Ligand code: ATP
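One chain is shown next in structure tokens, namely the form predicted on its own.
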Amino acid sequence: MLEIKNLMVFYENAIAINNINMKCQGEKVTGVFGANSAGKSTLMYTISGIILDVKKKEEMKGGERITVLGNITFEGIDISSMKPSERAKKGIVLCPERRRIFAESSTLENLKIGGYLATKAQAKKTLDYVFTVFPALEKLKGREGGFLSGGEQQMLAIGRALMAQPKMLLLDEPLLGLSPLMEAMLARAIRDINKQTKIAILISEQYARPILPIIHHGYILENGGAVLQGSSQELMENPDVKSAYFGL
């Protein structure tokens, strides 16, 4: 479904993504794991196309020079130079790091904003589904986003992304700042969303322990490069992964 070839991203002369080759299959969950500054968010921004907007803004104000090299194909089409809005229409939807919900809008308004690409029928069906996956949100429909807890905001961010009718859902560090209990709940929800909807999901995450069991295939990033890949079982049994992510 998604294939990345020889991807490199530079901020000025500093390399953020170092020659990554990667595949994400349709109807599967793919994980990308690494410490802070490993390149996870840059990878997500590059796949979603947001990096091109950032690059353009930096050029206009004479700021940091950003260089993107390599190819990204989605469903057999090269999307490397495609705008983020066009990628979203094709079904690549990003749920960004730190949620970025609309704090002054209600939970329901946030979800409806996410459905701007959907037909009325799709929006209603997906809204019902979001409330099934995250029943807490239905009880909070009228509450402003800024008054939700961190876990509730993350549920809302994922629900809003689902409203955009993704074929591939990009989740950038969805467990950031959450309690272990909430991490486990969200991991189960992400697994269920994939099983029930068959949406392909790509998760970037520093906290690999809750996510590794639910992925089909994963990559480990270090200093912008993919140093290891394998199935969920292969990664969990790898001594280096055990040491880095499980303390074993």
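We number the residues from 1 along the sequence you see. Computed from a prediction, not measured in an experiment: that's the story for all the values here.
What comes next is about the form predicted in complex with the ligand, which is not displayed.
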Option from 208-216, 177-185, 38-46, 191-199 whose residues, in the predicted bound form, bring a heavy atom within 4.5 Å of the ligand: 38-46
Touches the ligand in the predicted bound form: E152 (any heavy atom, 4.5 Å): no
Partner contact for E75 in the predicted bound form: the ligand, 4.5 angstroms, heavy atom: no
Residue contact check: A226 to the ligand in the predicted bound form, 4.5 Å heavy atom: no
Any non-hydrogen atom of E144 within 4.5 angstroms of the ligand in the predicted bound form: no
Contact residue in the predicted bound form, chosen from D53, E64, E222, E27 - any heavy atom within 4.5 Å of the ligand: E64
Any residue of 162-178 that, in the predicted bound form, places a heavy atom within 4.5 Å of the ligand: E173
